[in-house]
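First comes one chain, alone, set out as structure tokens in the form predicted alone.
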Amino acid sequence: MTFKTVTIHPEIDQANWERLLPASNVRVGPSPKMSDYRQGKRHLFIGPKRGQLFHLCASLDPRYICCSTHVVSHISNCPFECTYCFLQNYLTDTTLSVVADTRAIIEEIREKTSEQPWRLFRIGTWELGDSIGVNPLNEMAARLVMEFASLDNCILKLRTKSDQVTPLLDVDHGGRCVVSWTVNPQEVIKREEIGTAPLGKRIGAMEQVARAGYPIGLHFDPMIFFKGWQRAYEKLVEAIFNRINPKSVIWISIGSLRFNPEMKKKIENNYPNTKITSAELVLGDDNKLRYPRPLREGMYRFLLERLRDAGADECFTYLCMERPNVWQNVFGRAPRSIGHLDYLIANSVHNRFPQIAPAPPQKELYLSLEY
């Protein structure tokens, strides 16, 4: 992808970015203000850190069992055009922006995570954009990976729908980074995840980072309902685990299509060929439209069975943004609380990847967390 313009804030050392950017369209100045969500994807702004970037995932809702991941919001907007993306209903300044000062980001994280040294913090960079979707975002990610190697109780979570992993392969990551992929059948990628890497290239990138020693995360989220979905998701699981050893996979999340009601018209205006808004959807307590619960549970159970068939049952698998009764109907059990799920993930990391979390997590401390 080629950006129409690249703007570097005057406080940023331009020389550090020259080798990564085409000199013909780089300028120095303030961020260009783009009001159109899709137009903003073609204009990159590299700026300094302003304010606090580290916080709990904004999707956390105490009425649901959330994984309580933390995020660093240093990327805003995304080069890809997924029809279901919430950013089209969220961003006001839509310029694709990245905060360049990794040292300042790390210092904020270090200060805040030092208050709970017993806790394993999982920290993602994908809340408002793809972690490594395009150059120079992947180079920026590589710098964060190197910095995270010194944070003993933190895991950096890069999440992507791309195959742009080359800058990560020779980085000394110290085992403190998980490279994750959102995965869907190729039919869904072609129709609904416009501009993203095809499934085969995503899996090829997984193989590369696994050889480089990174744990892999898999996110079957959002699952999309369509005619023939069962066979499509069965083939998806087979395609991944025919090439990826489950021992390399640190966790798997599963979720289904969901979006705010006011986003429906925006989806239909931005992507008139999509069919995702024509499905039967119900409104949840978090003001998000979802498939009816029996359908969601059936999709989750089907996928879980296919994962077990593929030998991935040892991978810690959890649901994203679902109530305890859905967990119970899918797994036959449910975490007692958000803090309990946080503990279960930390305990799985300790047991399966002890180089990342050598000390066993203290359950009572996780259960005492308040949200």
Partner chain sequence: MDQLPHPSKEISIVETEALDLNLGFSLKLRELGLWKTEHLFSSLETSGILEPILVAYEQDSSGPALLIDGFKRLMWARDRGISHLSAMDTSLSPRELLLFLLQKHGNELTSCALIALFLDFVAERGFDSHLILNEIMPALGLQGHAKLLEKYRRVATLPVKVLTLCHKKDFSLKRCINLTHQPRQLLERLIELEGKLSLSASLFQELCDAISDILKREGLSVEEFFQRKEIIEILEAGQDRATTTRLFRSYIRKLRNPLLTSYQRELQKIHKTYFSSAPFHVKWDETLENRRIEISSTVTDIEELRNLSKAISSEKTKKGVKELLSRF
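This one's a predicted model, so the numbers in the text were calculated from it and none came from an experiment. Residue numbers count along the first chain shown, from 1.
One more form of this protein, predicted together with the partner chain, exists but is not displayed; see below.
Undergrad: Given the stretches 336 to 344, 65 to 73, 302 to 310, 323 to 331, which is the single one in contact with the partner chain in the predicted complex, using a heavy atom cutoff of 4.5 Å?
TA: Every other range fails; the passing one is 323 to 331.
Undergrad: Using a 4.5 Å heavy atom cut-off, which residue among N89, T274, N135, S248 comes into contact with the partner chain in the predicted complex?
TA: Flagged contact: T274.
Undergrad: Counting non-hydrogen atoms within 4.5 angstroms of the partner chain in the predicted complex, say which of R202, R296, R143, R176 makes the cut.
TA: It is R296 that has a heavy atom within 4.5 Å of the partner.
Undergrad: Quick one: does P292 come within 4.5 Å of the partner chain in the predicted complex, counting heavy atoms only?
TA: The answer is yes: P292 has a heavy atom within 4.5 Å of the partner chain.
Undergrad: Going by a heavy atom distance of 4.5 Å, is S150 a contact of the partner chain in the predicted complex?
TA: Heavy-atom contact with the partner chain at 4.5 Å: absent for S150.
Undergrad: In the predicted complex, does E280 come within 4.5 Å of the partner chain, counting heavy atoms only?
TA: So E280 counts as contacting the partner chain.
Undergrad: Although the partner chain is absent from this view, report whether D170 comes within 4.5 Å of it in the predicted complex, heavy atoms only.
TA: So D170 does not count as contacting the partner chain.
Undergrad: Using a 4.5 Å cut-off on heavy atoms, what residues in 241 to 275 are near the partner chain in the predicted complex?
TA: Heavy-atom contacts within 4.5 Å come from K264, K265, E268, N269, P272, T274, K275.
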